[in-house]
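In the form predicted on its own, a lone chain appears below as structure tokens.
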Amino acid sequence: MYSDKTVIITGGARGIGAGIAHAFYEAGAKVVIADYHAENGKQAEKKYDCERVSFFETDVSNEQSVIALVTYVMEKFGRVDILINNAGISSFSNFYEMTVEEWDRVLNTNLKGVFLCSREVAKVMEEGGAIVNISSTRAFMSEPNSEAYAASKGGIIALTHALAATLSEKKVRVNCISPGWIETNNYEELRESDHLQHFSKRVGKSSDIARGCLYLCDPNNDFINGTNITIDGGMTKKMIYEE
């Protein structure tokens, strides 16, 4: 299905992004891993050692860096069919002591990055293209001192349906995924109680999000547009009472 498609995945060198990159590679796509961390990106590229996978060092919060990314992809592959806006950072700090610089760093990466990448890709994306933005269940529920992260992830959901409206003229679909607890490091070290917090009786894996991306980018699913899909094993729907 994706053998003739070119996919850009921001933050694709590690974690959820790496899982998404692997899924599209397995599906036959040409994959561009755009990541701020050069060493991680180069290692990810070497893992595949394949012309279909390429790394480009990218700071999604920087306009010129994003423009350079899209220019590179167009020169190398000649097209962009799918964009996965996955790059993001989290920074939880005391609300009363949070600096403007810290707030800006999170919002510029998580939210401004989605805007910049979507804008530049939309300029070259042809009819039938798809954009998937990765938000978070923290757009709907919070713990103390998560203001910047929550604001950025809530903004991504709002930006998703705005982009869907704008890009509908080009027949480019824009959707969003809000992951819950996705363990990307030491899954085998999780406790039974961690898994039992979910209706699905397990903590999520990056492959769960990757399959969601494949589903949303499938041209047969073109009636799904401008929406957010929560993939969290039911965790955010669980009623909790204090004993």
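Residue indices: 1-based, along the sequence shown. As the structure is a prediction and not an experimental result, all values here were calculated from the model.
There is also a form predicted together with a small molecule; it is not shown, and the following applies to it.
Using a 4.5 angstroms heavy atom cutoff to the small molecule in the model of the complex, all of 14, 59 and 136 count as contacting. Across the options 43-51, 28-36, 194-202, 213-221, residues that bring heavy atoms within 4.5 Å of the small molecule in the model of the complex belong to 28-36.
Heavy atoms of residue 109 reach within 4.5 Å of the small molecule in the model of the complex, making it an interface residue. Although the partner is absent here, residue 86 lies within 4.5 Å of the small molecule in the model of the complex, judged by heavy atoms. Residue 187 falls outside the set of residues with a heavy atom inside 4.5 Å of the small molecule in the model of the complex. Contact check for residue 115: no non-hydrogen atom falls within 4.5 Å of the small molecule in the model of the complex.
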